[in-house]
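Heads up, the chain below is alone and in the form predicted on its own; it's given as structure tokens.
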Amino acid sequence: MTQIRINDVAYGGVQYARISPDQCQKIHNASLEILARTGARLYDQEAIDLLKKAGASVSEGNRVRIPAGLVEKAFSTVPKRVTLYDQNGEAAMFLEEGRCYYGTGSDCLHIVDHRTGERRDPVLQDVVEGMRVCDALQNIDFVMSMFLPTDVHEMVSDRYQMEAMLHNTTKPIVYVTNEFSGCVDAVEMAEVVAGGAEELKLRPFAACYINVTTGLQHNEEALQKLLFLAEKGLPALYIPVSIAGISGPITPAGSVALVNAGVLVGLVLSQLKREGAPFITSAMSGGSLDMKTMVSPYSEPDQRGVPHALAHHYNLPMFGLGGCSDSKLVDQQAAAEAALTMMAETLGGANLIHDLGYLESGLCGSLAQLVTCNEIAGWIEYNLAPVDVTDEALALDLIDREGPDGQFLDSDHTMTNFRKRWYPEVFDRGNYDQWQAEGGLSLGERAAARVEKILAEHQPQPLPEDVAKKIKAIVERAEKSFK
């Protein structure tokens, strides 16, 4: 029988936008006006010279005003898609429209120890254990170092973090460095693992997260890292920092416009240095100041979705923030805020969603909280997946065969399809007696037990011995240079 359908619309997944295309264009135009009228201070001479040669105006030594034409030209050469690989050279993450990936954050100043519940200063072993847990968790797609170790030299802590990540997971890495030389060393380590500079460029498994002072102040080390990575043809995440109400307007639109102006400075520079250099924009408009506590919260809802829509407007890969909480404990608030922020970031379409496992407004991390976030990621994946409405899924023949008096428990259809549904690993679905029989544990306790089980049983793929020695030599060289 012929079945003709007219104007049928199929959705591959959930469609969501916080603001309209017209609103995106208005914010974009505002950012262009900020760059052309107000300008930004750049604290690196090479960056200033590149912009001046391209047609920007320079006053007061380092205040650079960038015409809109330079921005539009940069959009014509920047890649609209970035692929990150694993350390085995397999494509792992396609940073493009409609794809979201989850990962940890970096450099927490404290850790909530899953064994004791104690809040303490982290050490290098915490980074190692964090990476082993990340390597085992199915829904953690990329890693960042999680903790800032206090038992190594503070100026080379970034090298130790990179070494720990390379040793304890094969997943893609987003790394942060203390200063420019740390970025150079991190790239050298990655090149050793990849088998050379050209091999890393062809199959990059590491991207640098560059912290920029504000949208209007671009510190020397951030600019040096950006230009170095662009010349290498390696991915850079250029992330201006802003606290709405302090270093930017308190309103979401004004805050996003200002931060976006800073992102566009990085975009233009990356393409001036090397056309086609991979660039990842920010889906973070910076934080804001809670006027009651004078703390900059990580989990606020106000601006979420606005920079995401702008990144979609540009069709650029974006870096987002979710899975975090302002709670000080692995408690109900931590789980609720992690779930809300992860769902918001996923609906917003952020490609790299980082900070899973963060507590205390970014000051503290928890491996137990990370396990909870891994569970939430699985729930979101199933919830936002396209719905199968094929004839097989509708099962009309089965329904008719069983009729009003039948049952479906032992049908072939049920046996074939029940495993396709989502089943939790640490969320509890048993009845009360079953829960008590298994110890009557809270979610936090079950998550902590899962961490211990992973650490006892999971062994990451080891680096070849010669590669491990070369990486260690880079760390030791940096250690000596700061003594």
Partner chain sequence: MSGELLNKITLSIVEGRPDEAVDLTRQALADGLEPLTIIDEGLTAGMNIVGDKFQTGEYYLPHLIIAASGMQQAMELLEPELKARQQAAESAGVVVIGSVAGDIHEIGKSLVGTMMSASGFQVYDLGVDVSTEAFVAKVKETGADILGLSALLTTTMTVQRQVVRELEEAGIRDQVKVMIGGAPISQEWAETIAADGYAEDAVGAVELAKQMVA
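Just so you know, these numbers come straight off a predicted model, no measurement behind them. Numbering follows the first chain given and starts at 1.
Unshown form predicted in complex with the partner chain; subsequent notes refer to it.
Though the partner is left out of this view, Leu289 does reach within 4.5 Å of the partner chain in the predicted bound form, counting heavy atoms only. Mapping the unseen interface onto this chain, Leu109 counts among the residues with a heavy atom inside 4.5 Å of the partner chain in the predicted bound form.
Of the heavy atoms in Leu363, some are within 4.5 Å of the partner chain in the predicted bound form.
Although the partner is absent here, Leu148 lies within 4.5 Å of the partner chain in the predicted bound form, judged by heavy atoms. Proximity to the partner chain in the predicted bound form, taken as heavy atoms within 4.5 Å, picks out 172 to 180 from the listed stretches 370 to 378, 172 to 180, 406 to 414, 159 to 167.
Only one of Asp121, Glu392, Glu90, Asp302 lies close to the partner chain in the predicted bound form, with a heavy atom inside 4.5 Å, and it is Asp121.
In terms of contact with the partner chain in the predicted bound form, the residue from Gln333, Thr83, Asn139, Ser247 that brings a heavy atom within 4.5 Å is Ser247. Contacts to the partner chain in the predicted bound form (heavy atom within 4.5 Å) from stretch 187 to 213: Thr213 only.
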